[in-house]
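Next up: a single chain in C-alpha cells, the form predicted alone.
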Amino acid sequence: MIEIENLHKHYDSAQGRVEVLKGINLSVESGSITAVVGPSGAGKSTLSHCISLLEKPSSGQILIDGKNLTNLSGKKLRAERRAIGTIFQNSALLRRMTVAENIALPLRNLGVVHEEMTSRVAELLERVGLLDRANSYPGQLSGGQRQRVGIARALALRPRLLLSDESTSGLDPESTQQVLTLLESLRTDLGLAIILITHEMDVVRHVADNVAQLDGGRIAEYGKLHELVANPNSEAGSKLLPLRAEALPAGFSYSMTVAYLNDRVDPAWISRLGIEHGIRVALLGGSVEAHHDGTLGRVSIGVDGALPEQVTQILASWGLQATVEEHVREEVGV
C-alpha cells in the first residue's frame, strides 16, 4: 500500500516561489489501480517524479507499507526505491542493449548472480509475452513491444508499487489494449498497487478502480470510478463517460440522466418502464461499457406519464440511479 500525505512541491525561480503541488493526499491499496488525471499544468508530471523520488518533495510524506521514504537518503533511499517500479512514456530502453540486457540492467546493478538474473529475465519475458524477442534490440520492436519490455524491466526488482507515467501515450489501439491487459493481470496476479498517470480517459475507464482528478496542484475530485460516473455533478465523471444527448422530443415532460450502479441491470429496463408501469420513454443518448468491476453506463432519457420521484424509485430498485437533468428541474418542480 502507498500513502501520500500532505505532499507539497515548490520551485524557486527569479520570479519567486512557484507552488506546483499543494497538499496532495492519496492512498492506493495493494491490488488496485488508481488513475491520476488532469489538464496540462495540473502537476501530474511533478507528482510522478515525487512518487518515484526522482525529485524530493518540499514537504509531506510518501509511505510504502508504512515506511516513510521521504526521510531517507543515500544508500537507504536507493534500497527502498526498489519498492517502486516506473514505466516511462517512451519505455526509456537503451538501444544498444538487447531486450534481455535491458531487463537485466536493474538486477546487474544490484549485483544479482548470473544464473539468478538469467532465470528472472526469462520469467519476466514470459509474463509480458516476449520470450521469443530476448535477443532483439529495441529498434527491432514495435512501440507496444518496447513498452512491454519497459514493464518487464520495472518489475525486475519485485516492486510493491508500479508507477505508470503516460505509458500508453502514442500507442496504437491494439498496443494500448495489450499494455492495459498486462497492467490488469499485474494488479490481479501480483497484488501490485498501481498508479496510472494519464490524460487518456479511455484508458482510465478500461482499468482504473479509483480516479483522482488533479487541478492546480490539488486533488479536485477523488472517488471510485463507478461512483464518479454515476454522480451527475462530478466533473471527472462527465469527462470519463461523456453524455451526448438529443433534445427532448415534443410530447415528453422532462429528461433524466440514468447511471448504472452495478452489472446486474436488466438490459431491457427501458422497455420495462413502458410495459410494467405505463411510462413513455425516449432514449436521447448515452454510453454503456463493460468494466472489470461491473458495467459503466450513463444514459439520457425523455419521460412522460410519471413523476420524477416515481421513476427514480423504480429505477433504483433495478440498480439504476436517475437524476432529473438540471435544465428541466424548475419546469417539473424538483
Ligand SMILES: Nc1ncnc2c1ncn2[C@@H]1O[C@H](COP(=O)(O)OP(=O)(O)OP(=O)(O)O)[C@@H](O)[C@H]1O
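Residue numbers here begin at 1 and follow the sequence given. Keep in mind it's a predicted model, so treat the numbers as computed, not measured.
Keep in mind that the form predicted together with the named molecule is not shown, yet the notes after this line are about it.
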statement: Answer among 300 to 308, 59 to 67, 263 to 271, 39 to 47 for heavy atoms within 4.5 Å of the named molecule in the model of the complex: the stretch 39 to 47
message: Residue-level question: is A322 within 4.5 Å of the named molecule in the model of the complex, judged on heavy atoms?
response: no
- prompt: Is I314 a contact residue for the named molecule in the model of the complex, using a 4.5 Å heavy atom cut-off?
  reply: no
- prompt: Within 1 to 30, which residues have a heavy atom closer than or equal to 4.5 Å from the named molecule in the model of the complex?
  reply: Y11, V18, V20
